[in-house]
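Below, in structure tokens: the form predicted on its own, a single chain.
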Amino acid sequence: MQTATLPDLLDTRYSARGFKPDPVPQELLDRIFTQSLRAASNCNTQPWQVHVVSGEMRDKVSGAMLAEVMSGKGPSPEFDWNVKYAGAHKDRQWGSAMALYGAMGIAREDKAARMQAMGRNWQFFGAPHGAFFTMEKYLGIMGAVDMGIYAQTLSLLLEENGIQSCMQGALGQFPAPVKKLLGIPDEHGILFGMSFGYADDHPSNTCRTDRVALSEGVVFHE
């Protein structure tokens, strides 16, 4: 079987929000996550520590996060997620939301359905696996840059092996119960997370978002 090229993977990858319950074989996960550790990092610091939950632990973590959400407590992320998008960024955020809710047939005014759809974040969208990307808190923005590089590397390796994923800031919004269950020390913070597995036919998986033109995203200087 011909191996997909990097351009192929970039073209085919999307944020999956519906998954089959079938777990990915552990042998395959071991290989993918070993390869992911080749990701680049500033001064080779390799700041990531990834916590992968599956099976019973996945269910416990999901239940604990949902309990926090249902309690009425607001998010308490360990890193600054309080970004108020403006201008073109706000437009793209809005367009992404409209595309997603449109794919699921949820009207703008249907707040109950939107809240239900939002809640699926903390259920890992039904995926059999979830990953929490953590780093030592003192690393700040430089550590966050490295974590982004790592997560993109991992997502493309998953895609290469026919495994879909979704990056989720929501998985970093209620860190306390997650850290307790997984034994994550206080000096480490959960930056964000990812759900992954084999995608199913959930309507959200038909959603696709556009990308800016080369002239808007890249400036060449000579």
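Throughout, we count residues from 1 along the sequence that is shown. Small disclaimer: the values here were computed from a predicted structure and weren't measured.
This next part talks about the form predicted together with a small molecule, which is not shown.
*Asks:* Identify whether the small molecule in the model of the complex is within 4.5 Å of every residue in the set 14, 166 and 170, based on non-hydrogen atoms.
*Replies:* So, yes: the whole triplet contacts the small molecule.
*Asks:* Specify the contacting stretch among 134-142, 102-110, 69-77, 121-129, defined as having any heavy atom within 4.5 Å of the small molecule in the model of the complex.
*Replies:* Contact-bearing stretch, as computed: 121-129.
*Asks:* May I ask you to check whether residue 48 falls inside a 4.5 Å heavy atom distance of the small molecule in the model of the complex?
*Replies:* Output for residue 48 is no: heavy atoms all beyond 4.5 Å of the small molecule.
*Asks:* Applying a 4.5 Å heavy atom distance criterion, does residue 192 contact the small molecule in the model of the complex?
*Replies:* Yes, contact at 4.5 Å.
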